[in-house]
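Here we start with a single chain on its own, the form predicted on its own, put down as structure tokens.
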Amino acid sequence: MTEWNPKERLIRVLEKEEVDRPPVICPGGMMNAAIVEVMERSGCTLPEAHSDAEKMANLALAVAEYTGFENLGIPFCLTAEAEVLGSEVTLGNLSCEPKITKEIFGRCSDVETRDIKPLLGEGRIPAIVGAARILADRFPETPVIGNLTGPISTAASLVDPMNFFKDMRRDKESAHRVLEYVSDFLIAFAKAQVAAGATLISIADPTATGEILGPKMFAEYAVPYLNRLIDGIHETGAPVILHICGRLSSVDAQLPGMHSEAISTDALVNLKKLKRDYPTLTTMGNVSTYLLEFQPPEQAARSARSLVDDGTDIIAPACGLSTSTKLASIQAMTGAVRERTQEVYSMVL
């Protein structure tokens, strides 16, 4: 049986080609594994690594080395885009992730668009792009995953969220204008990451769920702007992973219309059933983050083995990990994927 390096394996899965086993990853961004235990053991810490390319790269490497995840993921939050676009952000501390403290605009009609190209030199973008370059140069056999906050979530970080949702119904022209602006900025940011060496882009849009938007609003806003973003990224030749939070039952029929190479889901989703209902989907997930934080490591291993046996294409945490997640549980999860594959391989031989 052929074995591939981590970069080859992940790319082959995203291209729907045969592999020796599922990759086991944690892409970064909202779904990052920069937990306190890794930072304390490695000496690579936040918030310093949010703003410095070398420190960001070193923390991404430490995450991979300690956890066993087979990728290097940057950055470690969902706030870099909103900060560049003008909202106020606190970078948190070792155990507290960055947060939006004040949106810059009250209503969609208030949003003032800016020239996008200069924005790529502002805020933390140069550090993120620089970290992608460092990691790609140093670790050519490991996939470097660049991350984006999706259009709906980014827009809701620029405009007061409650007013943004109201405007999506009452001032659709302004809401669409904001989402077009945000999507074009995100495309430019993604292209900068890919140009620096990112292997692929992962998009997390936690506000764009069927539970929050409902199926009609999901179809009107989430699908077209996510696909606009994905299509823009595809112009670089890079594949895309899309994470959708929450239950998918109200919008699952729309998933085959998403242009991403893989769909990542929350722990609430039965991936075996999703794959059966929509066999063309490449599925990713979905080990419960509650389980990883609070249950014994063997529970994480058991969940990972079950996902492998059910035919999940990429094994990963179901959503964003708490910074207090137990390292032993993550290691049990990643180890179980490799061990399960070795068991199957031995049976074949």
Partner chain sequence: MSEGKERIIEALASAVLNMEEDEAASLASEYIAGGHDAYDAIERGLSAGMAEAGRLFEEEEYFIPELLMCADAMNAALDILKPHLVKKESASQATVVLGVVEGDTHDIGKNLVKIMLETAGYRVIDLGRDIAPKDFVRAAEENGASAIAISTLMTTTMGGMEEVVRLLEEQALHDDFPVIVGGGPISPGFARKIGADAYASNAAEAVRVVDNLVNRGTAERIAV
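Positions refer to the first chain, counted from 1. Note that the structure is predicted; figures quoted are calculated from it, not measured.
Keep in mind that the form predicted in complex with its partner chain is not shown, yet the notes after this line are about it.
Contact with its partner chain in the predicted complex, defined as a heavy atom within 4.5 Å, holds for exactly one of Ala49, Ala304, Leu321, Val38, namely Leu321.
A single residue from the set Val89, Ile104, Leu213, Ala188 has any heavy atom within 4.5 angstroms of its partner chain in the predicted complex; that residue is Leu213. Contact check for Cys96: a heavy atom falls within 4.5 Å of its partner chain in the predicted complex. Taking the partner from elsewhere, Ser250 is found to have a heavy atom lying within 4.5 Å of its partner chain in the predicted complex. For Ala195, no non-hydrogen atom is located within 4.5 Å of its partner chain in the predicted complex, even though that partner is not displayed. Contact annotation for Arg170: at least one heavy atom lies within 4.5 Å of its partner chain in the predicted complex. Judged by heavy atoms within 4.5 Å of its partner chain in the predicted complex, the contact stretch among the candidates 257 to 265, 120 to 128, 223 to 231, 161 to 169 is 161 to 169. For the three residues Ala53, Asp205 and Val308, a heavy atom within 4.5 Å of its partner chain turns up in the predicted complex in no case. Contacts between stretch 271 to 307 and its partner chain, counted in the predicted complex as any heavy atom lying within 4.5 Å, involve Thr289, Tyr290, Glu293, Phe294, listed in sequence order.
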